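One chain follows as structure tokens, the form predicted on its own.
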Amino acid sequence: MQSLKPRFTYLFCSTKGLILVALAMIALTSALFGTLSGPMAEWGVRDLIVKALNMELIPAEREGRIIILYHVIANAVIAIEVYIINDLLKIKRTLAAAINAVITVGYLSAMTFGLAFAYFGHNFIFHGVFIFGESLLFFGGMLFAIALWPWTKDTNLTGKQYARTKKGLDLERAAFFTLAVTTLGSVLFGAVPGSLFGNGFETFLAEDVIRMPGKNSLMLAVIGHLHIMLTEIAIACALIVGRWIDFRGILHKIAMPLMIVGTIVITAGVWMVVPYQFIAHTIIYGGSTLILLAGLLLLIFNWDQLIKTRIAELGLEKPGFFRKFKALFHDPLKFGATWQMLFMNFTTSFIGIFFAVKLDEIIRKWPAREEQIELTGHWHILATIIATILLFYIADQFGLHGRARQWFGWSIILFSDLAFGATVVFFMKRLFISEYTQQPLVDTVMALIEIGLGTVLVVLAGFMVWRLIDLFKARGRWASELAESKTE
């Protein structure tokens, strides 16, 4: 028991330990419940899992199960981002520890009891604990927003490398604060209709009502909540990457105001979906454009720094184009973080714009099922791209280097992008192939998707096994990381 105490302290009191626990919970949940849909169901894996675990999967309750599953995974991702931000920014350690504790109890309660309620019989005590966990997360978010308050002398900037006002206000911290506040508002935007489930308001999936002409206010709020929460998670990820790579200079000074204004505008646009849905999307597009521009500036800075750093390491005074091009790919983790942002535009942003522009001319002439597939794929690609970017940051912080760093980084980049590209072909197939001749194509892209995502999960599993083995060592990396955490 005495040997377990320091390991428990590491897992639940240090930033890296908390990230590992949340990452493990996400991986286990995704691996287990991912066997219940798609090709796994066709191959008979689903039936084996359901029988082995005695799950109760009533078809009429499918939407409710999926909603809870999405929420608990998103909760854990948000928890990881909070842990990272608490570690990156200047925050009082006692307040950061309190935030981490509340967030951890919140997401673990919601995940454990929410999944138990959804998949293993409807014990409403479990559902109550699930709601309690969600409430704790919201409370932790309020503490987080307080901790990020940027208008203090302690957090003012004096240098000229980073975005700030004349009085020294740190605009990057202001962007984090804006993100925290708008996220809390967006949580309430979804909590209000959620509180009315079962009281005259039935559970539904957004993609299933896309062609319903008369959506009520509660349905619009749920759809808006889905979009804005994923957007807020993506913005947090971009800000974390910026802090990781030490984003600075003129591009930083331009990007941070864009990020702040873009976050406010896109959030306001989503909230306006309920009362003014016909102009809300125009506002959302405006906010999205500002955020994408900030992301582009982040990418330009990162790639320029990667090239300069590698050229300096090699001691080259006048490198040619190919030397610079090769230098860009030296570190797959830092390169991959912004490459995935760029690749996202080809698999989600540009596709989404095409669907919006050609909605009446092309898309609405397709069977409804095809449009549902596109929407589902769109959200899943964006969520998974965010996950891969966070994995790059986590792997770097845990000291992955050498060949392991190369294999980890390039495996995730290549195989995740293979899966994303195949998914795009799958949901855009009606543009270039008929329903009667599509089956060979569908079989191929589904196999590529499974290969791509399966490989990413295997790579992640390898990383987690490495850390698990280390945890059993008396003087493993975890011990030095714990000592470092205590020193801080």
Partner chain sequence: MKHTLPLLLLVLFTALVSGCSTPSFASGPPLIIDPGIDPDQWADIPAGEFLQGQFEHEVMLDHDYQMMVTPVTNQQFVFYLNQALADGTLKLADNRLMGYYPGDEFHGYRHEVEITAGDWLQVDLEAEGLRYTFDGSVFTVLPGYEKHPVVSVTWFGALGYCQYYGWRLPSELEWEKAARGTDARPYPWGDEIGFEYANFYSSRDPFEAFLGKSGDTTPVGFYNGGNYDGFETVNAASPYGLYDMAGNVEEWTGNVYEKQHYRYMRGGSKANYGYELRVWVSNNAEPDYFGPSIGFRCARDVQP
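Numbering follows the first chain given and starts at 1. Since this is a predicted model, take the numbers as computed values, not measurements.
Keep in mind the form predicted together with its partner chain is missing from the figure; the text below concerns it.
Heavy atoms within 4.5 Å of its partner chain in the predicted bound form map, among the stretches 264-272, 226-234, 406-414, 179-187, onto 406-414 alone.
Contact annotation: L53 falls outside 4.5 Å of its partner chain in the predicted bound form, judged by heavy atom distances.
Within this chain, L418 lines the site of its partner chain in the predicted bound form, having a heavy atom no more than 4.5 Å away.
In the predicted bound form, at least one heavy atom of R364 sits within 4.5 Å of a heavy atom of its partner chain. Contact annotation: P213 falls within 4.5 Å of its partner chain in the predicted bound form, judged by heavy atom distances. Interface residue among L448, M428, L69, V459 relative to its partner chain in the predicted bound form, by the heavy atom within 4.5 Å criterion: L448.
Site annotation in the predicted bound form: the residue of L342, V357, A368, V105 reaching within 4.5 Å of its partner chain with a heavy atom is A368. Taken together, W43, E202 and Q277 are fully in contact with its partner chain in the predicted bound form: each brings a heavy atom within 4.5 Å.
Residues of 425-444 placing a heavy atom within 4.5 Å of its partner chain in the predicted bound form, in sequence order: S434, E435, Y436, T437, Q439, P440, L441, V442, D443, T444.
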